[in-house]
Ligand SMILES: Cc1cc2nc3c(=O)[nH]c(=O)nc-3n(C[C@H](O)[C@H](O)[C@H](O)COP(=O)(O)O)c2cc1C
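A lone chain, given as structure tokens: the form predicted alone.
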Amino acid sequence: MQGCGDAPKTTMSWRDYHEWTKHSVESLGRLPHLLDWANMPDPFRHYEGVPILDLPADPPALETSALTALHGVAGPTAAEDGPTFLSQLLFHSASISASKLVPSTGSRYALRVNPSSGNLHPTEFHFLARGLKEWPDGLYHYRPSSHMAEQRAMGALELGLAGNVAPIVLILTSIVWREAWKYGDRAYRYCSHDIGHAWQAIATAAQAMGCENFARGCFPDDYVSQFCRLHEDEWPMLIIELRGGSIPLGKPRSTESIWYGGHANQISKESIAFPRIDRIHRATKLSHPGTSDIAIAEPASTGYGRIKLPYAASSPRTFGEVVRMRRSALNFVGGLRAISLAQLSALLTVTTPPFSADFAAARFTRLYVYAHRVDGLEPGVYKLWPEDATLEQIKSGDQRVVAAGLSLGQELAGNACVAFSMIGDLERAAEAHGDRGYRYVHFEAGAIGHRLYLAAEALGLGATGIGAFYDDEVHRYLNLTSEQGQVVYHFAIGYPVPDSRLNT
């Protein structure tokens, strides 16, 4: 069944790619992937030869409670004009938030509001603006290095897809080479996670600003690439529409379209080809819009003896504070320090609200929780049943060594208070959306991860996403068959070890 139109014929299906990119002791023993530091990709794209518009510095802080925004409650209107609105949105979703020092060289590198695997940031933010007060209509590219907008075209441009009549339409793209430089063939998974993180960075910021958002994953890839005149190294992955009364609109104006285009910077001296990534991307592309609202029934609950989650812990921390302070923890303080069951409940409940997207009629990802140190909860592995907010214990006993071992021996998964395996029902996603569903499962996992990041920070905790794990070992440990799902993301939350290199 193909829910999103027909994908071009290819010799690699999502199953082929997923199997090839699984980590195992044997796969990690293949010829090692050595990092060519002289050819490290530039983390910032910019366009030469285009007008650059300033976004107001230090836009108004978002005072909505972070946990309130994560539960879908709209914040108050805060911006009086288009430039302030755009600045506020991007400052709280895609901008630079801090830097770190490299002690050996004395140089610094940037951290951003939206997390990224290896801090490599394959995701680029383009946006169409129409009818904003005191802001020219046109197509723009966000430049996070200077918090500015590069105007690639001026005029009342129409993307020409059903529903894309919103005053702000964001096009999220991936430059996969940035991740492949470090992670090789597995990079497509990480880029898709990062799109999920960026999606929720935009969606939650929009929520806190009082406007609605809707994501579209079902669109003709080549058409959108051509419309945006993207460089060949950059692929469109997700479209997000923003609407609502909080967007400051001016009088309608119609101007002739003028394309500035611009010349995209070269991000590396040399880009190495990864044929398997090219093939999985071709397999998941669409040639026409189709539809993407097919719901395949989720598996029925068969658990017993489940634990009802208590009322969730609260937090007074504001959304603006939380998103600007969020970091990826490098490790966690082990020992006896624990989180409460109410804090765990708060973390889990932010993952359950429905996503606003054309591919989100059904959820494809389930959470398995490795509870290491949670007051009021016996150590063990639990499956979350979001339908009735319960946990089903599937293994008992200390899981710290196991969690670290399954995460390629990364001790942070054992030092955390809780760790997670996100199990994606790839078969059900493919039944609903064809090979395109492979993207959606990873988008969803990244989206869940981003919401966990923000909730953890709101509760005074730290978090980190873990994209590397022994795939089939996780399945064996959790007694999962391929029909029950496959691991697509790991995550860990606890008390972070302080990082002296950080400068905010």
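For every residue, the number given is its place in the sequence shown, counted from 1. Treat the numbers as computed from the prediction; the structure is a model and nothing was measured.
If you look for the form predicted in complex with the ligand, you will not find it shown, but the lines that follow are about it.
Within 4.5 Å of the ligand in the predicted complex, a heavy atom is found for every one of Arg326, Ala468 and Tyr489. Contact between Tyr453 and the ligand in the predicted complex is found at the 4.5 Å heavy atom cutoff. Taking the partner from elsewhere, Leu412 is found to have a heavy atom lying within 4.5 Å of the ligand in the predicted complex. His281 falls outside the set of residues with a heavy atom inside 4.5 Å of the ligand in the predicted complex. When the ligand is considered in the predicted complex, Thr365 lies well away from it, no heavy atom lying within 4.5 Å. This chain is displayed without the ligand, yet in the predicted complex the stretch 107 to 115 from 107 to 115, 385 to 393, 272 to 280, 232 to 240 comes within 4.5 Å of it by heavy atoms. Distance criterion of 4.5 Å from any heavy atom to the ligand in the predicted complex singles out Asn119 from the list Asn265, Ser287, Ser99, Asn119.
A single residue from the set His372, His141, His193, His92 has any heavy atom within 4.5 angstroms of the ligand in the predicted complex; that residue is His193.
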